[in-house]
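Quick setup: one chain, the form predicted alone, written in structure tokens, and binding and motion questions come after.
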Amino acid sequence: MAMLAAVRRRELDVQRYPMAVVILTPLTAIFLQAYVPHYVAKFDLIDLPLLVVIYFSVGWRNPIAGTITGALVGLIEDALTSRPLGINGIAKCVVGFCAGSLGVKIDVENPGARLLINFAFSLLNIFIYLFVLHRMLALHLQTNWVQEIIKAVINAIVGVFVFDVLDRIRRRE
């Protein structure tokens, strides 16, 4: 009985978006992430593609869709930046899967819940990114964990506003 209620809730609460929004939103976020930091130095603290992956993954309530979205967004982002190809694809793929899995379990319409989710997934993304960078690619770069936590806090706060903007373009049924 509880399983049936969970399936009904997931089917009823799945968010739907126009196809143009699903395609153009991540591409816009990737474009802004790749080119705006050249003109605004502190913009690189915000990870817009990550926030878009979290938003769509949680909204679709589907771990597979979240995984694919995260992988595609991360790979396109890597292709447009000077980072090794695949490093963001791996990190955002895992975040997309976790966000899609979490979207099935809880309702994330509350701004406080969104703040916590964005903070937790930003930290997870940073951890996976640095793990791949240090352990798998054997690139020994200094990591300032205080700066990474500040970055996660900034992403969490910006994410609440990004989610609100994306909620306004969601298809209502």
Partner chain sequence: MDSFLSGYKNLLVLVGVLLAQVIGLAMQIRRPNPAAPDVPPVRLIRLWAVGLFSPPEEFLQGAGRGLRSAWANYLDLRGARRENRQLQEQIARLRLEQAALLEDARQGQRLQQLLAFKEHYVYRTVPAQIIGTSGTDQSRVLYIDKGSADGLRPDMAVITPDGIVGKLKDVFPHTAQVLEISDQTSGTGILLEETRLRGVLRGNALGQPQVINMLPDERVKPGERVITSGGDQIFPRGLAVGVVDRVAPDAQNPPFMDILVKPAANLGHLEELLIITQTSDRMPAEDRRDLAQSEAAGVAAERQQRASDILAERLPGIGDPNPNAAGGAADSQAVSLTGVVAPPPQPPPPLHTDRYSPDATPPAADLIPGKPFTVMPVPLAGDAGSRGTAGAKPKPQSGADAPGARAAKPAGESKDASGGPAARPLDRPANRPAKAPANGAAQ
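Being a predicted model, the structure only gives us computed values, none of them experimental. Numbering follows the first chain given and starts at 1.
The form predicted together with the partner chain is left out here; the points below concern that form.
- Although the partner chain is omitted here, in the predicted complex all of 27, 79 and 97 have a heavy atom within 4.5 Å of it.
- Residue contact check for residue 31: one or more of its heavy atoms lie within 4.5 Å of the partner chain in the predicted complex.
- The partner chain in the predicted complex comes within 4.5 Å of no heavy atom belonging to residue 107.
- The partner chain is not drawn, but in the predicted complex it has a heavy atom within 4.5 Å of residue 93.
- Within 4.5 Å of some heavy atom of the partner chain in the predicted complex lies at least one heavy atom of residue 38.
- The partner is not shown here, but in the predicted complex the stretch 135-165 reaches within 4.5 angstroms of the partner chain through a heavy atom at 136, 137, 141, 142, 143, 144, 147, 148, 151.
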